[in-house]
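Consider the single chain below, provided in C-alpha cells and representing the form predicted alone.
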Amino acid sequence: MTILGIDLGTTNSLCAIFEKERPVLIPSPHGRFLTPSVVARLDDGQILVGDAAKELRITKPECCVSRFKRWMGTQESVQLGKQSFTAPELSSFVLRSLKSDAEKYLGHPVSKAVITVPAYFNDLQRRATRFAGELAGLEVARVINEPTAAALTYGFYDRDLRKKLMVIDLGGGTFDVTIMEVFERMLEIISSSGESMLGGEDFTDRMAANVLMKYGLQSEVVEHKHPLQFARLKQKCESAKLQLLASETVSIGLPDENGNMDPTKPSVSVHREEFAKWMEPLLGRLMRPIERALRDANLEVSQLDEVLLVGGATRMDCLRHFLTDQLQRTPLCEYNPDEVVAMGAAIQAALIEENAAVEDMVMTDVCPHTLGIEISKYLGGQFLPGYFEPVIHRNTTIPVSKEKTFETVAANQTEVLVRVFQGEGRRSADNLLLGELKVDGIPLGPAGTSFDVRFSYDPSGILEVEVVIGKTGKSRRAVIAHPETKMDTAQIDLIVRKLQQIKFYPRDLVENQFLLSYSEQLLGDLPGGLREELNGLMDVFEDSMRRGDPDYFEQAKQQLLFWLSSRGFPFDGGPSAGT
C-alpha cells in the first residue's frame, strides 16, 4: 500500500511518494508541485482550494482564508459565508486536495500518509494535524518534524555523510532549528528549537507596512478599512521579494481602495539594502532559538560541519547574509528548499514500509518540549500549589519512557489529580495544559503515600501517562488530550458529516475559476478602455459557466484567452511559486 509523504505548509503544501527507489513529487492539476494552502468558499457554497483560491484572495479576500496552520491546536475558527471552520477542518481541505492529486497520479486510492509538522509544534498542534488528516480520509501513519524530514533527504542521497548539521527551516509561517549528527547511515537528532509564529509571511507583512509608511499610511488602518487595497499590496510585495533576489531595486505602486492599480500614479522604490534594514527585527528573532538549540546540544557553532537551509523563505538574500555573519559560515542549500521536506516525508514513508531501498537507514528524533506534571512545593512551612515538575526533559531522544515517584500532601488522601503540562516554565501556569488524569483508590494513611507517574512518548508525539499507586499496585493509564479539545465519537462523526456535505469545486473545472480570478485581478491594472473590453469578455465567460452549454462555454473561453494573449497577458494556468 502506498503511503503519501505530505508537507502541510502555512503558505504552500505538497506531497510525494517513494517509487523506483527514490522520492517522487506529485504534481497538481496545473503541473506544479506546490499547492497554495488557501481555502475559498464561493457564493454558491462550493469550496475551492489551492491556486484558484489564492487568486481569489486578491479580489474577494472576505471569502478566502490562509495561514490557518498557525491556529492548529487552538479553538480559533473563521466564518466563510454561512459556515464556520476550524484550522483542522481547513487543513483537511488542503490534504484532501493533495490526496486527490496523488490518486490521479497513481491511478488508485490512497489511504495512509506521513505528515510533517514544525519541530517546535506542541502536543495539541500535532494532534490537530493528525485530526486534519483523519478528516481528509487519511490514516496518519506518522507525524514527523520538518527539519528531520529535510535531513532524511540529505542523508538518503549521501549515505556516507558523517557530519554534525544544523538545519534552519524558515517556511511561510514557522521557524525551526534542529541540530543533528549523521554517521554510518544513522541520523540522530540532538536538539531542536524554534518559533511557531515567525515565517516568510511575516517578512511580507513587514515589507507592506514599510511601503505604506513611505506613502504616509499605517498598515493597521489600511488592512482594516480597505482590505482589497491591502491584499493587492501584499501580493505586490510578495512579488517584489522575489524580484530582489535578482535586482538591486524594485518599484512598488500603491493600489487604490478597491485594489486597482493606476500606472499613472507614482510608485516607490525599495533597494535591497533598505529591505534588509526593514527585516532586521525579524532576523534578530532567529537567534534565540538557534542559541537555545546549540546550548541544548552542548555545542559551539565552530563544532558544526554544515548549516543547511530549508523552507522557501530562506531564499532571501538578507537572511542568508545574516546567518553567514552570525554563524561565521555560508549556509548550504543543495536541494529545492520548498520540496526537500515532502521528499523526506516520502523517505519516512519508505522506512515505515520497510522498503529495501532504505533498509540501511536509521533515524532517531527528540521530544521538542519538556513534559511534566503540576505539583505542590513545601515552602515557608506550607504546601504551595502550581509548580511544574518535569518528567521528560526537552530534547530527550524518543521513543522514551520515564518514571518519577511523587507523594500525597495530606493525611488520608484517597485520590490525586495528575495535571499534565508541556513547556519550560517553573510555574505550571506558564506552560501548556495538555490534560489531566484522576486516580482514586489510594489507601488511607499519613501524608507522603507514594505513587509513580510514568510518561511514554512516541515518535509521532503521542503521550501516554500511567499512574501506579505504590501500596496497592492499582494503575490508571490514559493517552492525554487537552480537555477543551477532547471530543467524543458523536462529535467527531458530526464534523465528518458536516464536511461530507460540502461541495468541492470540480477539479476538472478549477482552471476555469482560476482564469476568472486571474482576469479579475488583471482588471484593476488596466486603463479605462482595455478594462471595459476585458470586463465584457469576463461577463460572457461567467455567463457561459452557468448556462451549461458546452459550445457556448468553449467559444467564450477561447475569446477571453485570445484577448489576454493578444494584449500581452497570456494565461499560463497559474502563478509561479514564491517564498
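In this text, residue numbers run from 1 along the sequence as written. If you're wondering where the values come from, they're calculated on a predicted model, not measured in any experiment.
Beyond what is shown, the protein has a form predicted in complex with adenosine monophosphate (AMP); the following relates to that form.
The closest non-hydrogen atom of Asp123 lies beyond 4.5 Å of adenosine monophosphate (AMP) in the predicted bound form.
Contact annotation for Gly312: at least one heavy atom lies within 4.5 Å of adenosine monophosphate (AMP) in the predicted bound form.
Among heavy atoms of Gly171, some come within 4.5 Å of adenosine monophosphate (AMP) in the predicted bound form. When contacts are judged by a 4.5 Å heavy atom cut-off, Lys241 counts as touching adenosine monophosphate (AMP) in the predicted bound form. Distance criterion of 4.5 Å from any heavy atom to adenosine monophosphate (AMP) in the predicted bound form singles out Met316 from the list Leu308, Ala136, Met316, Met261. Shown without its partner, this chain lists Val362, Leu245, Leu379, Met197 as candidates; in the predicted bound form, only Leu245 has a non-hydrogen atom within 4.5 angstroms of adenosine monophosphate (AMP). The chain is drawn here without adenosine monophosphate (AMP); in the predicted bound form, the stretch among 444-452, 233-241, 77-85, 279-287 whose residues come within 4.5 Å of it by any heavy atom is 233-241.
For the stretch 332-349, the set of residues having any non-hydrogen atom within 4.5 angstroms of adenosine monophosphate (AMP) in the predicted bound form comprises only Asp338.
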